[in-house]
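One chain comes next, on its own, written as structure tokens: the form predicted alone.
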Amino acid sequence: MKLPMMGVINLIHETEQMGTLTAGRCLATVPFGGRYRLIDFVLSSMVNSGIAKVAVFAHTKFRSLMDHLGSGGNWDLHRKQSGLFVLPPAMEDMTEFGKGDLYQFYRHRDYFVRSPLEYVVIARSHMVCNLDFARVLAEHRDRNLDVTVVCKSWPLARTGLARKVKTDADGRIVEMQDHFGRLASDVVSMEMYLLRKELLIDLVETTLAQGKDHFVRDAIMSRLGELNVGACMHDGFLGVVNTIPAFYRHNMELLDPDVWNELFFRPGPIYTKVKDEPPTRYRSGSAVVNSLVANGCEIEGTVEGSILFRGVKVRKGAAVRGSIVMQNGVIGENGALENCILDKEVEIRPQQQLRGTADVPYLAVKRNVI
């Protein structure tokens, strides 16, 4: 069933501390879980919920985003009506590049105005979860809210950079903070906001008229006393993936079969760009224990508690433990990795050994030879 709702995936000024993982790509296209990108989770959740019109508001380093999304066919969004829209930053000159998301919403206001859909859900790309937006909409209507914020009760120590919120006994949000505040609460915003399209357009125009241009900070947080803003609690898996430790930790959590099955199949499957790779080859003498291994790999050595993306080669005598090796990585003969993150196409020479810790994993730059 199609929802009377359009989707917005907002990539403008996303908060992140991902180091070299985002040096050449935006946060939305950081690889995750063996063959996925971070944006796949929120996009798949929208599609599975019946949202047939989705706009991705791009900002910086979006070449890999365009390559990954294509026409939207992998998410059933290549349609004559509605479908997927990738909207680049609208600028007349470079002085406008630093402006907030409300400015970009206004410059692309035709996307909103021309649609007959009643509701809009605005989400970020770095919240790894599997969510039914139909349930969020039903709760939004039942509680007669102006804005619904999808939230998670989550100890701060287990998040990346997340915005904490405080609610009253009725679930109304009475206080919100920016990502670096000190609000005493275990409830975090999942950066998903549902509201009527007409209210969004009004907030965009009135906030910009006041000389402010940030959606959450200026249009929502400053109006908590005026608007009825409520929290809709998510009780499933959540990974806030915008720091290196969070990226490593939440990838490793996927080795738990219960987490894997919940995240990738409930309430619906997670889709990604399809690539035709041959099956992985496990050579004589290889050993693989409690690991995720994508297609196209060639394993001659030992892999334990690790995640290997497509096309990774683990040569004879090499050992990979507690590590994430992205696409087309090569671990040379008798090499060793422990608690490492290797970006795409990294080559580890024979005999080379790299070690990090679970709290501070070793990070190798894309296309590096070590």
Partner chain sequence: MRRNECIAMLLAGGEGRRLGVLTKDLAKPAVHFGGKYRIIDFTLSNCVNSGIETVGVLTQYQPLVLNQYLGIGSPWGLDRREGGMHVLPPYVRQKGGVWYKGTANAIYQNIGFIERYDPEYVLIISGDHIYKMDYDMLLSAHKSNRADATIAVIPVPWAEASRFGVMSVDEEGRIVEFAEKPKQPTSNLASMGVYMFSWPVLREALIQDEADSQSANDFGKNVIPKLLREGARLYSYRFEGYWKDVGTIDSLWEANMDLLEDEASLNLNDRERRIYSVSPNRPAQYVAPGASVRSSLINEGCVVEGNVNRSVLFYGVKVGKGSLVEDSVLMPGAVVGKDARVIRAIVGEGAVVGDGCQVGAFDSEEIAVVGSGDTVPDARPLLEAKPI
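Note that the coordinates shown come from a computational prediction; the quantities given were computed from them, not determined experimentally. Numbering follows the first chain given and starts at 1.
Below, we refer to the form predicted in complex with its partner chain, which is not included among the displayed structures.
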Work out which of Leu208, Ile270, Val216, Met176 lies within 4.5 Å of its partner chain in the model of the complex, going by heavy atoms.
Ile270
Only hit among Glu262, Glu198, Asp186, Glu277 for heavy atom within 4.5 Å of its partner chain in the model of the complex is Glu277
Ser222 near its partner chain in the model of the complex, any heavy atom under 4.5 Å?
no
Taking its partner chain as it sits in the model of the complex, is Asp202 near enough to touch it, meaning that at least one heavy atom pair lies within 4.5 angstroms?
no
Looking in the model of the complex, any heavy atom of Asn144 within 4.5 Å of its partner chain?
no
Considering non-hydrogen atoms and a 4.5 Å limit, does its partner chain approach Ser153 in the model of the complex?
no
Based on heavy atom distances of 4.5 Å or less, which listed stretch (208 to 216, 188 to 196, 70 to 78, 144 to 152) is in contact with its partner chain in the model of the complex?
70 to 78
Contacts from 288 to 303 to its partner chain in the model of the complex (any heavy atom within 4.5 Å), listed N to C, are Val288, Val289, Asn290, Ser291, Leu292, Val293, Ala294, Asn295, Gly296, Glu298
